[in-house]
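A single chain, nothing else alongside it, follows as structure tokens in the form predicted alone.
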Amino acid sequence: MLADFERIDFDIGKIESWPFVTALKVGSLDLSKISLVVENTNHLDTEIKKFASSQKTSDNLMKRRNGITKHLTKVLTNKFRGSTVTTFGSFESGLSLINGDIDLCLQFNGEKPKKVLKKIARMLNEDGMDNVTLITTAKVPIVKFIDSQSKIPVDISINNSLAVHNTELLRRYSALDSRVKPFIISIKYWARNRGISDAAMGTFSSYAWTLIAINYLQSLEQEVLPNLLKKDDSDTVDIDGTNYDIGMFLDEELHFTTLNKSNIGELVSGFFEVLAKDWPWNNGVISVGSGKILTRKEKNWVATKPYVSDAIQDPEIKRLGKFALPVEDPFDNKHDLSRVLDVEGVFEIRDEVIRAYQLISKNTNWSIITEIKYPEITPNKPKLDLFEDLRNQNDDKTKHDLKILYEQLKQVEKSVLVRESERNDAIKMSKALRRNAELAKEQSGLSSELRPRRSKIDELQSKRDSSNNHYIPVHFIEEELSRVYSILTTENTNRVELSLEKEKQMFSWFFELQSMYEHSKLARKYHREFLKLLEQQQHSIEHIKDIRQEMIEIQSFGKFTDFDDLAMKLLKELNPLKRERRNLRREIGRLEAWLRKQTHFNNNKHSRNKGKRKKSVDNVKVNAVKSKVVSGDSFSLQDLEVLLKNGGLSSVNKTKATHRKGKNKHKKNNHSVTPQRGKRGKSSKNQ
């Protein structure tokens, strides 16, 4: 009867928040003495069927959900080019409650999912959505929010492709037996209203409860549902480099007929009885993919430290070890849906299970079994009638409210303009100071280059001058070298031999020219480097002058970071003001739409009340005026007003044409015949 963590000795005071677990632990509650009777389960069956019928999706709700989905699809695909949006989840599988959420999957390969979700969250906040929450710690990060108009909750995930196949699996299960859908939505409704269906709060998700419910129907001695998964790798899909087997049996391949004749009340009662008396997680793993409860040893999912019994005694333990209450994902067999549980969530689940079973045994109404425990976290019914609060309100009161809203909007817009102006000024000042700092840094860098470059210039100038004391142009030396070399190596055409003395002089001159050539080349090299450095020095000096002209003396205003902080502070003030402005504009639009609707309704009603007599009188008056015009009689300004209100002069022409047509009714083609008519080549029919 006890769960494994309840058998461990610990301070009872630690679990006093969960009265049913406490009673079971101390022995004041004996589950073995509680049994279900047919009368109770039949009573529950009637109530659950009535409840299930109330959860059918109305046309109005469908229209509203489709409108939200269409709007978000357009916004997201425009924001993230090349992306697609897919709906999945309980609404697509047919297992949704009327105030269930909309699940959207954005398929996008541009950026990391968490970064994309942050952008989406920021966009939703700017659009005025309610309770925008970013959850990045989950296996599949999501952003949750509530549509501000309809109050329908929405979840958006990124590249959650496997969820689409999970949705199809649940849809197939719900279609196999007429009892499955009301059974599952009853369990989901109970779990949500009792505060144990929110993964972010440390309890099972709605999806996990759906799998637990299906697994119960698979695990009965006379099972209601079979196992739909083939697990033969005949149909696989690759998602982010991981291969998943998504093969499912077709209906004609199953050859399954249930022998279980239990009604929905008996199934729901049995569900709570099994969870209360035979806690499946003591040694089991919920496995829809296997069609049964697997043993922990078989799955190799043995619970790891810290255990539930450890965590309840030590407040420092924030997370449980792996496989506390394991629920296997059908396609992702390595994913345990209980990884989100915390110790309070486990005790909360256990306490609510025992409570429900005890209440059912006492023939308690379904509404009491599923009464809302935490109103602040339970979603409200969708708001489908935008004018619900206005229908019984006097139009004068609505107009008065509208006037007040316009005054409030005027004040808010004034506040927005003031803060936007101040923020723009802060941003401009920040940019100016940042540019000033950049210029000062650049000037400092340039100035630090001037002195060493000046030394280098002086050094090169000295080298150039010292090697250029007897400077002779290089081109002259090159020409003279060529001439002397030619004399020394070329035979004289006059056959006059150089004297030995002359030849010595020529060789001596040749060597001297070579030495002069080396000196000239070195001097030219130093000179060019000197000119280059001099040019750089001059450029730096000019640049410093330009910087000094561009720089502004605003050091007394502070640092650019101060103005960055001011701009951020103003932005934080602006965001709620802009949200308030959007809300005021929407409310103004709603009231104006209602007043237009009322005006249109009253006008139509007034027109209908005039009756046929007034209409016939008006027609007589209009016809009388038209007769005056046709006959050429004079008519008054009042007659002209009547004529203008009833089609103008063109209506008179139509009357004449209609009268003529009636008079010559027997003539089908009353065309005038003239001598010019009859050139066939120019007839429109012959062209």
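The first residue of the sequence shown is number 1, and the count goes up from there. A quick note: this is a predicted structure, and the numbers were derived from the prediction, not measured.
The discussion below concerns the form predicted in complex with uridine 5'-triphosphate (UTP), not included here.
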query: The single option of Gln218, Ser269, Ser206, Ser174 touching uridine 5'-triphosphate (UTP) in the predicted bound form, heavy atom within 4.5 Å; finding: Ser206
query: Proximity to uridine 5'-triphosphate (UTP) in the predicted bound form, single hit among Arg179, Lys188, Arg350, Arg194 (heavy atom within 4.5 Å); finding: Lys188
query: Distance check, Phe88 to uridine 5'-triphosphate (UTP) in the predicted bound form, heavy atom within 4.5 Å; finding: yes
query: In the predicted bound form, His335 touching uridine 5'-triphosphate (UTP) (heavy atom, 4.5 Å); finding: yes
query: Touches uridine 5'-triphosphate (UTP) in the predicted bound form: Val346 (any heavy atom, 4.5 Å); finding: no
query: Any non-hydrogen atom of Glu480 within 4.5 angstroms of uridine 5'-triphosphate (UTP) in the predicted bound form; finding: no
query: Options 121-129, 69-77, 393-401, 161-169; stretch whose heavy atom lies within 4.5 Å of uridine 5'-triphosphate (UTP) in the predicted bound form; finding: 161-169
query: Contacts with uridine 5'-triphosphate (UTP) in the predicted bound form, stretch 101-129 (heavy atom within 4.5 Å); finding: Asp101, Asp103
